[in-house]
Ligand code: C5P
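Below, in structure tokens: the form predicted on its own, a single chain.
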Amino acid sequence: MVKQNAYAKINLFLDISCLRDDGYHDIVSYMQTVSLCDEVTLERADEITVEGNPAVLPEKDLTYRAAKAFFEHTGIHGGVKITLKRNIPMQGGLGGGSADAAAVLRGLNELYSTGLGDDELRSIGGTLGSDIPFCVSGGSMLAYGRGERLCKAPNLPDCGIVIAAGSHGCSTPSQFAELDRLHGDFHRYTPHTDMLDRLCNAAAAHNIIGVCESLFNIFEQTDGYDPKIAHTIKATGATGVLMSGSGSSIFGIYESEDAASKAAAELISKGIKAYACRPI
């Protein structure tokens, strides 16, 4: 048996550089894993099964598809029983499904002693979803293309983070379609890379205030963004507030984990589903 934590991700910066001819969007993003996580347990079996995600048919589940891709890539004639304990809000822009799939790839690599490196696991994951390559190793990364082209970013300084689940889930394709309408398919759009440069410089200098001054997410222009939740988080003392991914979860950054824990408790008392965590 192998157990893996599947860590959520937040986007400290997310912009679009262009709409490609194949219909996908090239993004520019600063991604960061946080301690909020799902728990994935893997056991050898004769076939692939998934427990803990009753809302999705097993064959449609991303963890099932990740296991299938792993066995096809390695040529191993085996199976796995996948048990999921979900803590990450779904359809919240936090990469929960991608994190679970990446955890399955890492776990199968250990369970079957295949010795695959992270680059090979990312290659397998990249055939299934754009966020999976990042979720294989996590940390602080800059992501380009569909999200599969990664390079190391300066580590986010020590801080506390509170994630508040949105009032409704967001469909990523619908969010992209709304941005296409707003920006005319991005034919004349220029991404805010100057803000990304300032964010990276602030992170490298361990300047959390400078980081928070450079947060940006183009998806806040869509109806997936809830300014009321953002305002409520800001009122708890957050230094910076931003929606993550294509929404609808919103996170706040605090100067300490203790401040984040107190803020999460305050939000929960107001009926908002909130989680205190830290960057990892």
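Not measured: the values here are computed from a predicted model. Quick note: we count residues from 1 along the sequence shown, nothing fancier.
In what follows, reference is made to the form predicted in complex with ligand C5P, a form of this protein that is not presented.
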**Asked** With a 4.5 Å heavy atom cut-off, would you call Ile27 a contact of ligand C5P in the predicted bound form?
**Response** yes
**Prompt:** So, in the predicted bound form, is Gly129 in contact with ligand C5P at a 4.5 angstroms heavy atom limit?
**Reply:** yes
**Prompt:** Do Arg146 and ligand C5P share at least one heavy atom pair within 4.5 Å in the predicted bound form?
**Reply:** yes
**Message:** Even though the partner isn't displayed, in the predicted bound form is Phe71 close enough to ligand C5P, meaning a heavy atom within 4.5 Å?
**Reply:** no
**Asked** Can you pick the stretch from 202-210, 156-164, 129-137, 73-81 whose heavy atoms fall within 4.5 Å of ligand C5P in the predicted bound form?
**Response** 129-137
**Complete:** Answer key, ligand C5P contact in the predicted bound form at 4.5 Å (heavy atoms) among Ser123, Thr193, Thr114, Thr172: the residue is Thr172
